[in-house]
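Read the single chain below, which is given as structure tokens and is the form predicted on its own.
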Amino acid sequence: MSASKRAGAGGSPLWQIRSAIDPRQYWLLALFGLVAPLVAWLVASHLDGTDKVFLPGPADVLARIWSWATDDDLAADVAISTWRVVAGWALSAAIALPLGLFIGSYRAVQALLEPLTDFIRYMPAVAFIPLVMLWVGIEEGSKVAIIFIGTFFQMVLMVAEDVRRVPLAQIEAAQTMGATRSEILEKVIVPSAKPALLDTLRVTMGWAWTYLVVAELVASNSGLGYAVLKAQRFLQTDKIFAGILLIGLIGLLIDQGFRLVHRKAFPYLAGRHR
């Protein structure tokens, strides 16, 4: 069956499973997906009886962001929160990548470490706050530690699964050609798993941002999460919205950066990661 017939058989390309669509259509849909909730929020905030304490409008939130930037040093809050998230995530990656590689490659290591990791990952990171304060203190290390705890165990298991997805045929072919275990790890498993590993790093970076507010519960006096928690005490709902939206915006920019790196590093997969 020709490509045109296959396209026609399923109707519009927009509704074909995993079919590529025109870039303009993609960005129009993406823009609509972002603008539609904003319009709904604008309308809801202007309905009769809507109290701005409970639902401030977009203009109120933008005004709060402006005053935050000009009067309360928003740039410093963004910088310290970004540093905490990136530091906790990077520490997780530095340990999880080699550990996950060994868990995914060797059944003995999997049997030794995967059940324990699977057990710990269900423990809520917020429950570790008293222990973190006791062991690490209340300085910057405690915030980084909470983000580390929230991302590390999930990352280990995802990396191990990425490694296990490397086709066994590739490993057996390398063994047939006389490759050593270290050569198989270095020249077969890691290169084959790289695209999936980069996706895992991207996803876990998003998780790291979700733990920011929890991390900044620990004796903080700066940061976006701290500002959100402080605004809650004074019913500054517009600032709560502003903090949440800023965290989401920063996370989105980082996510798009990861996607760009993925497209540049693995151009042959670009069609699957549009």
Partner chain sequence: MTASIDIRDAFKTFGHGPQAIHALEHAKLAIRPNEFVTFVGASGCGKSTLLRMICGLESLSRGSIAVNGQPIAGPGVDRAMVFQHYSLYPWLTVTQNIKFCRQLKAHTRDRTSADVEKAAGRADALIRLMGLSHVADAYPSQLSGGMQQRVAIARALMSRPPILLMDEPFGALDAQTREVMHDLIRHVHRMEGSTIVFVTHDVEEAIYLGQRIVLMAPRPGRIDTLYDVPLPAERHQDMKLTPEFLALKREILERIRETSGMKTDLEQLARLNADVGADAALTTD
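Just so it is clear, the structure is predicted and the values come from calculations on it, not from any experiment. Positions refer to the first chain, counted from 1.
The form predicted together with the partner chain is left out here; the points below concern that form.
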Answer yes or no: in the model of the complex, does the partner chain come within 4.5 Å of a heavy atom in every one of 74, 137 and 221?
-> no
Residue (of 173, 79, 131, 108) lying close to the partner chain in the model of the complex, criterion heavy atoms within 4.5 Å | 173
As a check of understanding, the residue in 98, 191, 115, 124 with any heavy atom within 4.5 Å of the partner chain in the model of the complex should be identified as 191
Counting only non-hydrogen atoms and a 4.5 angstroms cut-off, does residue 120 reach the partner chain in the model of the complex?
-> no
Just to confirm, residue 86 within 4.5 Å of the partner chain in the model of the complex by heavy atoms?
-> no
Contact label in the model of the complex: residue 90 to the partner chain, heavy atom within 4.5 Å | no
Look up in the model of the complex whether residue 187 has a non-hydrogen atom within 4.5 angstroms of the partner chain, and give yes or no.
-> yes
Sort through 99 to 107, 143 to 151, 197 to 205, 165 to 173 and report the only stretch with a non-hydrogen atom within 4.5 Å of the partner chain in the model of the complex.
-> 165 to 173
Just give me the residues of 236 to 268, first to last, that have a heavy atom within 4.5 Å of the partner chain in the model of the complex.
-> 267, 268
